[in-house]
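Encoded as structure tokens, the following chain is the form predicted alone, with no partner shown.
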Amino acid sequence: MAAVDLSTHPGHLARRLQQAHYLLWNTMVSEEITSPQFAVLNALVAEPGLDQRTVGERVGLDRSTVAEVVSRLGRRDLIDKVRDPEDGRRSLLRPTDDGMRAHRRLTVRTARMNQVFLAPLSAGEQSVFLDLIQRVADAAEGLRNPVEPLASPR
């Protein structure tokens, strides 16, 4: 069997994009706060008082990953956990003052990083690219917990 053209494999291209994003994030945004940590912090700035499960859903992180991210943000005093007064079994998450300052700083840096990341595309192409990648990412979320079993190839 002949070798396949990996430029037609979305997973291979997504991995290459992730590698480039990781490099840009570490050089332009932060070596201390990761992209998933920023996503959680950003969700909590937008909606303070979310519980851990909901914030994970908002940013597309599985339970174990969001638990680790929340733990790390808490250890850095970027978020606080408070017991839900209506349901003592769950905790609500809020950014601290330090978390708000970090968010402001990182938001500026992520905007610059995104400009560099998308620079090969025109403004119109950037919009189309983001629309398409969002559609694929949204569809991929359904693969995590499919309503119907995935069809097996024959």
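Everything numeric here is computed off the predicted structure, so don't read it as measured data. Numbers for residues come from their place in the sequence shown, where the first is 1.
Another form exists, predicted in complex with the DNA; not displayed. Remarks below refer to it.
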Practice task
Answer yes or no: in the model of the complex, does the DNA come within 4.5 Å of a heavy atom in every one of E47, R58 and D80?
Solution key: no
Practice task
Could you confirm whether H21 comes within 4.5 Å of the DNA in the model of the complex, counting heavy atoms only?
Solution key: no
Exercise for the section: Please run the contact check for N42 against the DNA in the model of the complex: heavy atoms, 4.5 angstroms, yes or no? Expected result: no
Exercise for the section: Spell out, yes or no, whether the shortest heavy atom distance between A67 and the DNA in the model of the complex is within 4.5 Å. Expected result: yes
Exercise for the section: Indicate whether S91 is a 4.5 Å heavy atom neighbour of the DNA in the model of the complex. Expected result: yes
Exercise for the section: Let me know which residues along 37-57 have a heavy atom within 4.5 Å of the DNA in the model of the complex, or say none if there are none. Expected result: Q37, D51, Q52, R53
